[in-house]
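Before any questions on how it binds or moves, here is one chain, the form predicted on its own, in structure tokens.
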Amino acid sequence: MYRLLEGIRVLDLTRVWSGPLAGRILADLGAEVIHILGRVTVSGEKIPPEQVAVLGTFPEDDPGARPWNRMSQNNDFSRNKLGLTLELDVPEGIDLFKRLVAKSDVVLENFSPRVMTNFGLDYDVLKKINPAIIVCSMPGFGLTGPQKDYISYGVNLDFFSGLASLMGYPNKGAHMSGNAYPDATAALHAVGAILTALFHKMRMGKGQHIDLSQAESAVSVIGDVALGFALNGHVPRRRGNRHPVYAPHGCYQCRGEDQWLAIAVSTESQWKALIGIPDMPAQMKDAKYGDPEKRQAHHDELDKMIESWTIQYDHRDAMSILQNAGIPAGAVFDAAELLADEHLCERDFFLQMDHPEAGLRHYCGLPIKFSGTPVSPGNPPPLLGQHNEYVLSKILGLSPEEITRCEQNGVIGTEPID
């Protein structure tokens, strides 16, 4: 079956989340993505049981004999990719990488700016090898500027970007977003940039160097906050789950452990429907809650009364009661409920892949469906160095003796170098 990006080869040097996710999306869409790892960056140390339990990243909390092949995050972001180990701190590794660049369309990396230069693999070098190469660099703070060499992860970009300043409750401190959203945002921007550069290459025959700042990527999605300050000089207050105008608006505890329901009332008809629920507290019909301004002023009182109702119900049941009455409400789902959700399952959102060491597992699919070219589940995540021989022999044309020599010299391998 023809795949959307078939014929596009991507050399993926990325680690952690932002870059690997961008590479995985390209791989899901049919590009041949070769994920290249230096084995010195992969830990082979035995992981203490107490740390395993805290991490929660291994199937059944069992790292196994080769934990690097069982880590859930690595496997989640590596499906449909080819796995190649290559040490770029030795001349032979650099030479092999350059030979791959000559046969590829895209190089994707999320190092700090100095790394590719230290390897002798900066864009000026790579474009001499392949003038049409597209290099997407994803450093935390971009390739220029006074903070360009700072190391970043989603958790510190949460704060730098201003996202954390919006999270939390009034008169309390800022909060992290809980899911390192800057990583995912940068990944989506990277995919869009790479596809745009590929389109430009198709028309003009020229490559590009994409300078993608993960910090700026995160700032751009809260641009309305910066614009608001530029217009009126006000720094937005943290509101928790509340709305600046509408009330009641919040997240309310339901029956059971850690069950919650979001409710958002924005019109008078919705308010009347809410107070018309048969067992809703009668006090909510008091005139002091009779218009949006009054309800906003007495939001704390309303929250307590509403929660005295929601706490009696399962969050799904409460959602159904309110929605049937025309009130916007949504149960807060946890991971277990998402995996079992009838709607997501009927749309085949979750993929099942059988990994040789992690076993049969569910993975989130692409939230995109194409009518003419369906996206197939493809291949499970590779083991460390699983495709060394394939890449070196089929793509670069190395002989079995040359591949063996690479193994003996430590340029490639299937075990970490501690």
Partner chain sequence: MSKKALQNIMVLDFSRSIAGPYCTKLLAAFGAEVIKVEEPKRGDPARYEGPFRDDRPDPEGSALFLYLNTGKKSITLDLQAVAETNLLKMLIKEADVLVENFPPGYMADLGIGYEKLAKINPGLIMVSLTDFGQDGPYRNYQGGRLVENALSGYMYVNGDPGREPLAGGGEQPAYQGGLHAYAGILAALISRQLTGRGWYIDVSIMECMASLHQFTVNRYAYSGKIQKRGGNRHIWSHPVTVYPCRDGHVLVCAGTEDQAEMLLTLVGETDALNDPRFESGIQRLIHADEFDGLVKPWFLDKTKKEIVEICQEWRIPVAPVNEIPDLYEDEQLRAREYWIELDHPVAGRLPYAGAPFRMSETPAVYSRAPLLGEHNEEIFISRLGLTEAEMGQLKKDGVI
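Residue numbers count along the first chain shown, from 1. Computed from a predicted model, the values in this text were never measured in an experiment. Just so we're on the same page, rigid core means the largest C-alpha set that superposes within 1.5 Å between forms.
Not pictured, yet referred to below: the form predicted together with the partner chain.
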Inset, instruction - Could you tell me which of 176 to 184, 99 to 107, 86 to 94, 285 to 293 sits within 4.5 Å of the partner chain in the model of the complex, going by non-hydrogen atoms? - result: 176 to 184
Inset, instruction - Check each of 255, 206, 272, 298 and return the one that places a heavy atom within 4.5 angstroms of the partner chain in the model of the complex. - result: 206
Legend entry - Heavy atom within 4.5 Å of the partner chain in the model of the complex - residue from 192, 281, 276, 120: 192
Inset, instruction - Please run the contact check for residue 57 against the partner chain in the model of the complex: heavy atoms, 4.5 angstroms, yes or no? - result: yes
Legend entry - Heavy atom of residue 70 within 4.5 Å of the partner chain in the model of the complex: yes
Inset, instruction - Report yes if any heavy atom of residue 29 sits within 4.5 Å of a heavy atom of the partner chain in the model of the complex; otherwise report no. - result: yes
Legend entry - 4.5 angstroms heavy atom contact with the partner chain in the model of the complex for residue 308: no
Inset, instruction - Just give me the residues of 220 to 247, first to last, that have a heavy atom within 4.5 Å of the partner chain in the model of the complex. - result: 220, 221, 222, 223, 224, 225, 226, 227, 228, 229, 230, 231, 232, 234, 235, 236, 238, 240, 241, 246
Legend entry - Displaced residue check between this form and the one not shown: residue 321, CA, 2 Å or over, core reference: yes
Inset, instruction - For residue 130, decide whether the Cα shift between this form and the one not shown is 2 Å or greater, given a superposition on the rigid core. - result: no
